[in-house]
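Shown next as structure tokens: one chain only, the form predicted alone.
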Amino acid sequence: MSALLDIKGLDVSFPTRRGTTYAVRDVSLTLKPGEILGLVGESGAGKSTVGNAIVNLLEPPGEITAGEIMFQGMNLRDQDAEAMRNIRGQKIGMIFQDPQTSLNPLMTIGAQLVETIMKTTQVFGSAAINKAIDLLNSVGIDQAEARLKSYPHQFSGGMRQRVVIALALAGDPDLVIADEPTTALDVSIQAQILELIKSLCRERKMGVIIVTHDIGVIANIADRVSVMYNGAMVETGDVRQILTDPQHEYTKSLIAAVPRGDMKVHRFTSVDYIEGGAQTHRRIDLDRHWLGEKLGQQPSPTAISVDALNKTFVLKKAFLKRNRVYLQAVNNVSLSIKTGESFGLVGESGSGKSTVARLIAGLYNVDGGSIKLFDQEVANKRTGKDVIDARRNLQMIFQDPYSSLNARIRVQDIVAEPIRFYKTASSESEVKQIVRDLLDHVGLGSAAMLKYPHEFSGGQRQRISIARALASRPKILICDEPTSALDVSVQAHILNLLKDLQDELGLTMLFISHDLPVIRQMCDRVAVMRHGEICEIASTETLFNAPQHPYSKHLLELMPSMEDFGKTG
């Protein structure tokens, strides 16, 4: 069978004033019709650059300096801008990493889908609308017809990602390049999306390149795997062979860092590959570091107390109240989190997890119910010394590292902002030293201080967000999918960092994630949410070994597993 895509000797460079940087060097890969190829590696390894180079969407001043990209017998490097516009969407679909920036915030979801369908398939009118509804249904969005009139900001991160996938499939392409397609998705929707991609791949002989840091996704969907490190391919082979018997040291380090879903371990295996061998991450010496200073006596044995919490959003506005459409995002939720405890919140996208977190953080107003931080009522309160002090003790790490960082200021000022605001340092030199140490601890190094957010990959931006959240020395840390944009090796480092800080400082953590193995390793207790309500609260090991609610059992059955491939480390 002839190759659908054949790349040979691809080089991608970015000229700068300090010289030329090669993001991709001498990369070769092939893809057959109906085949799924996984492209894995750390953030900044060049995975997304390869995908962008195929469809000629490299960000300036990036350019292809060598190699050929043969697609269906034609060299894409020879095609002009007009030809490439026709190829994108109709022949090659793209699922981008960040759903927030992939969608037009001024257009409804329906308008964007219909526009894409008309442009790529020449289907118009009611037929285009019906196809848009079918696409939304196929990617698991409820009330698809009504949601056509919604705007991107009215969807959760996971639901926006599903819309992006629907857009990529709208033109019935022969090749789909999926850049982290399941990053923001919970396990149930992830399983549905992966099954959808697999079925389309088999039925239509559609080729798929999946760029991902999630080895569990690769284990469940890919036929072959290519591993990238520092812009180069280090290993390619059959998925079973790569996962069970990797040959390259870097591949071994990636697989070793995958969180285990079958048992709880004290620390994640975190290994950095360097030329010539492997090196284990050092743990932070908190005894000699400013972060290791004790926070003192905690004010209450209960850090967070939520009682009968409610939040409703208006999906469709109308003059008459009876014509309005509402969404009950949080319905009578009650929970309490002990001081120093790590509490997990899991459930499908749109189940209300992030809404609960934002209500606790004071980012949304409460429609009904109570929120107490260390016994201080804070629901819908913004003034008063006690309320301000309570709020000061809480920081949040957001799901989307692209929109949560100010693109106009340097990283050193982004991280330093809470230090200056809360006056946790006595001098500007101490501020810079704290910023330098924090960036070192999250794996970016002090060289990142003078750069801007756009100079970093998605995973690197999330590390900046984590450093900023830690900068004010909070007592409560709300982590809303804090590692969803990170590859497994960096994820292991960051999660170990959070565990170390929690142990030393007595941090209380509310940990929201769709990654069930991560929840098992990070949390003492877990609450399962569905349709805005809590189905079950239990200790982590009880939930994973003997779930009581049918929905909890359903989620655990869908959890991606590498144990099927013989992973024992």
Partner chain sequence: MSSPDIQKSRWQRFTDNDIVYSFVTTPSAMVAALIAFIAIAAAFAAPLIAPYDPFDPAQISLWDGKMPPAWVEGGSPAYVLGTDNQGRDMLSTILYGGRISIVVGITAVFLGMLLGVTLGVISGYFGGMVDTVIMRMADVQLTIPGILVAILINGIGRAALPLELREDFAIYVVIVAIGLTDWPQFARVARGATLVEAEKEYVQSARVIGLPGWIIMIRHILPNTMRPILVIATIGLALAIIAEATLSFLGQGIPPTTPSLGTLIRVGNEYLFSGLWWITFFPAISLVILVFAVNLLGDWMRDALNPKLR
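Since this is a predicted model, take the numbers as computed values, not measurements. Residue numbers count along the first chain shown, from 1.
Another form exists, predicted together with the partner chain; not displayed. Remarks below refer to it.
Among residues of the shown chain, A170 is not one whose heavy atoms approach the partner chain to within 4.5 Å in the predicted bound form. Taking non-hydrogen atoms only, G362 approaches the partner chain to within 4.5 angstroms in the predicted bound form. Although the partner is absent here, T236 is not a contact residue: none of its heavy atoms lies within 4.5 angstroms of the partner chain in the predicted bound form. The partner chain is not drawn, but in the predicted bound form it has no heavy atom within 4.5 Å of F124. In plain terms, the part of the chain that comes close to the partner chain in the predicted bound form, with a heavy atom within 4.5 Å, is 419-427 out of 191-199, 248-256, 367-375, 419-427. Screening K499, R88, K451, R224 for any heavy atom within 4.5 Å of the partner chain in the predicted bound form leaves a single hit, K451.
Contact annotation: of the candidates S404, S336, T120, Q72, the single residue with a non-hydrogen atom within 4.5 angstroms of the partner chain in the predicted bound form is S404. Using a 4.5 Å cut-off on any heavy atom, the residues of 453-483 that reach the partner chain in the predicted bound form are, in sequence order, E455, F456, Q460, R468, S472.
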